[in-house]
Structures are given as structure tokens and as C-alpha cells.
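Given next, in C-alpha cells, is a single chain: the form predicted alone.
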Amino acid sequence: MIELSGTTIREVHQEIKNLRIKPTKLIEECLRKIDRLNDRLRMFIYIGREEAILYAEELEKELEDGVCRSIIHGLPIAVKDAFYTQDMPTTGGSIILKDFKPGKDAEVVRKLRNAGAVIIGKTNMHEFAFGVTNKNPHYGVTTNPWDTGRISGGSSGGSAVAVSVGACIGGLGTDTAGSIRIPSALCGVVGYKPTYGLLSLDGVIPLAWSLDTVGPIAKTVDDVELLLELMASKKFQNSEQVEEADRELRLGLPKRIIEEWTSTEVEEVFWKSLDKIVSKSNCKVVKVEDQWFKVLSDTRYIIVLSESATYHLKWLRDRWREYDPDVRDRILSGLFIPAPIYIKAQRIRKALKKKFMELMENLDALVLPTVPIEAPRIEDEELIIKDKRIGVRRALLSLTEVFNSLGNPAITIPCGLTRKNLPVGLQVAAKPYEDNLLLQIAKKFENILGRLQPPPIIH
């Protein structure tokens, strides 16, 4: 049987399409792997044993009849438990919704199912997506497959782990401040946050409506692009952008913030990978100002607190004891933000979007580490970085959250391992709606840097 942790969608598709591998056998193998690893990794909240096998049988019969719906026909996909699934519970990582069974699929889930994807289960997440460690008191701490004493990152940690160990060929996550990119970077896979609005949020439990995005997690940039094409609400392909990726690329580098906030271990891997990219491709690196990182961070936090408190009003009065106290306290703090402050934050955000577009006028993309630290240990609450004490949550968010405020696309690709054998992610961000150009750039970089080997836990 093919090992999904080391293969791609195109490779598996060829085996499935010709029935050299039957969808039912592939799904059974994935379920066995989940059974073997889930107690240690806590990557799934719900495992779709019967549902996945039944749908795989239907898809297998179609192949026998000469029908192949798409390149993901019969392939297993893991879905973060923030997405509605009509045949499986949707908990949002909370016990408040432990009995919630939606009557429909989220739109992006429906599109994947129609394309022949088999939903293998619902993955673990930080409660209501309001956190980036995936330390969930209700369903367990999602641990890192490279070192189970460390966190996966979150809030889409379960999907990133499932992809990393080959429990599925791809996963779905949500990203409001980095929740796709952070766990993808820490677990050594590719995670993509598209331009805001490119993928539908219909049927997705919200954290903050004006910041939320959904996107794919996979082993390669090509896999991410294939999944994105199947889910996109709007046509994102642009042939001119493909041609542009072949000319000299101008890459913006926020050097000061990298040198000031990135750990020595991660910085070493990042600079080596950037040097390799520059030496083997037609790229020019340009240092850019980065003071706007701090302002966007502050405005994003005001917005996410205000919007999340609005959504959770219906439960805060009668069910507040059922929340993780850490999540509950953040939600409650949103109730005390006056409307004028929220409106001002949105206005500042709009002004900084304009400033960002001016900054990017002569640039194709920005490059920086995805996360400035390697995966923290589960018990860590604070870290020392460059002689500065910083909270784990603050560190994990510091280089990703600005791109949610700006609404532009951003991707993380693996760029190497630290001396402790932990993955490091390279983040690339482009202008809004230049998703295709960004994916072509990321493919170039991936080809130069190579792919990581599967994590040690699967052996």
C-alpha cells in the first residue's frame, strides 16, 4: 500500500484511477494508521469509520464503471472540526457543540465531496479556533509528530498533523491570525491562506468574520493548488501571473523584525534557505520597513475580540462554565471594547492596507519565517528569544497575523530542520488576488529547497 506521508495527490491519483489501489483499501489503511497514532497525537476528534468506508465503496464502484470525478476521486481528506459536515458531528473543539450535527456540509466540504474526496474524519483544534497551541482541555492536546512532547501549533493543528503523518492526503483548516500556517510550519507541511473571500465561509464556525479565511494543508505546493482549484468560489487562475513568475522576482525582506524576534535556531535555517533560493533562482531581495507589523497586530486583536464576543453572546450567559477558561476570558474581554474603538481599528486597518499596497508596488512577494520559534514544549508558557521574554502565543502569532489584517494570500513551505530535528517554515506573501503568482513562486522555492522526509513517529 502506498505511504501517503511521502507521496502526492497526482501520484496517488494514478494508482486510484487505474484501480491499482482501491479507494476502500486506501481508506482502511488510513483508518488503521489513525487508530495506531491518534492516542499519542490527538489529531482527530471524530473518526468517520463507517461514513468514509461507505462513500469509498460508492466511489470505487464509479471507477469500475469508468467514472472518475476529479484528481482527488477516492482520496482521503481530513477536515477541521470547525467545518459543517452533514454526516458527522461538528464541535468547534468545544463541549458546547458536542451534540451538534449540521444538516448540511460547509460549501468547501461539499465541493470536495462532489469531486470525490472521502472525508476521513474531523480534526482536533483549539477551542472555537481561538488559540494557536491546540492545547484543548476537552479533546486532548494535539502533539507534534516530530516530537510528541511539543505542541502541533493551532488552531488547525489536527489537520496539519494528519497530513504530516499520512493519515490523509490533504486537510482543511481555518486561518484568522495564522491558524493554517503556524501548525503547518511546526509540523513540516505546506499550509495556504488564500486571499480573503476567495474560498467560501458558508458553513464554517466563525471566529472573526472580517478576518477568517479557510484553506488547504498538504505535503506539496502542487497539492495545495489542486485542492484550491476545486474549492475556489472565484476563478483565481491568471496566465499573466504564471508568465510573471518566470522573470526576475523582487522579494521584500522585513529584516529588522526577523533579526529582533526570531530565535537563533530558526533564524539560522531561514537565512540558509533564503541564500539557497537567491543563489539558484532569478531573485533580488530588497529590505523593507516593518513598523506596520506592530500596528496591524494591535488592530487585529481589537477586531478579533470584538467579533468573537458578538458570535458567542448566545452562550456566554448560560454556558460560560463550559468554555476553556483561557478561551472564555479572551472572548469576555471583547465585550468591553467600545464600538468607537472597534471602528477606529477597522479604519486604521484600511489605511494600512493602502500603505501595504504602496510598499508592494515594486515587489512580487515578501519572504520571512512563518513562525519565529521551533515548536514549543507542551508545558511552555513563555520563552526567551534574543534575551527577551515572550509568551508562546505572542511568539507564534507575531509573523503571520498581519497578513490576515491585510487580506492578502500567504503560504508556508518547509525550509529545513533545526538542530533538534524540528521543522521550520518559510512564509511567502503576495498582493491580494495574486494567489496564482504566489503559488508559482512557492513552487519554485519548494523545488530549490526540496521536501522534508516524513516525521519519525510513523516508522
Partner chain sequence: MIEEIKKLYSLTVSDELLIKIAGSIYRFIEASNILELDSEINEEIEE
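Just so you know, these numbers come straight off a predicted model, no measurement behind them. Numbering follows the first chain given and starts at 1.
This next part talks about the form predicted in complex with its partner chain, which is not shown.
Student: Can you pick the one in V295, V278, L359, V141 that has a heavy atom within 4.5 Å of its partner chain in the model of the complex?
Tutor: None of the others qualify; the residue that does is V295.
Student: Quick one: of F100, W320, W271, Y311, which gets a non-hydrogen atom within 4.5 angstroms of its partner chain in the model of the complex?
Tutor: Here the answer is residue option W320.
Student: Can you tell me whether K287 touches its partner chain? I mean in the model of the complex, with a 4.5 angstroms heavy atom cut-off.
Tutor: Looking in the model of the complex, residue contacts with its partner chain do not include K287, since no heavy atom lies within 4.5 Å.
Student: Does the 4.5 Å heavy atom contact test between G149 and its partner chain in the model of the complex come out positive?
Tutor: Output for G149 is no: heavy atoms all beyond 4.5 Å of its partner chain.
Student: Should I96 be classed as touching its partner chain in the model of the complex when contacts are defined as heavy atoms within 4.5 Å?
Tutor: Flag for I96 set to no.
Student: Indicate whether its partner chain has at least one heavy atom within 4.5 Å of a heavy atom of R347 in the model of the complex.
Tutor: So R347 counts as contacting its partner chain.
Student: Within 4.5 Å of its partner chain in the model of the complex: all of Y301, I337 and A351, by heavy atom?
Tutor: All of them do, each having a heavy atom within 4.5 Å of the partner.
Student: Counting only heavy atoms and a 4.5 Å cutoff, which of 255-263, 181-189, 337-345, 162-170 contacts its partner chain in the model of the complex?
Tutor: Contact criterion met by 337-345 only.
Student: Can you name the residues of 315-332 that have a heavy atom within 4.5 Å of its partner chain in the model of the complex?
Tutor: The stretch 315-332, when checked against its partner chain in the model of the complex, contributes L316, R317, W320, R328, D329, L332 at the 4.5 Å heavy-atom cut-off.
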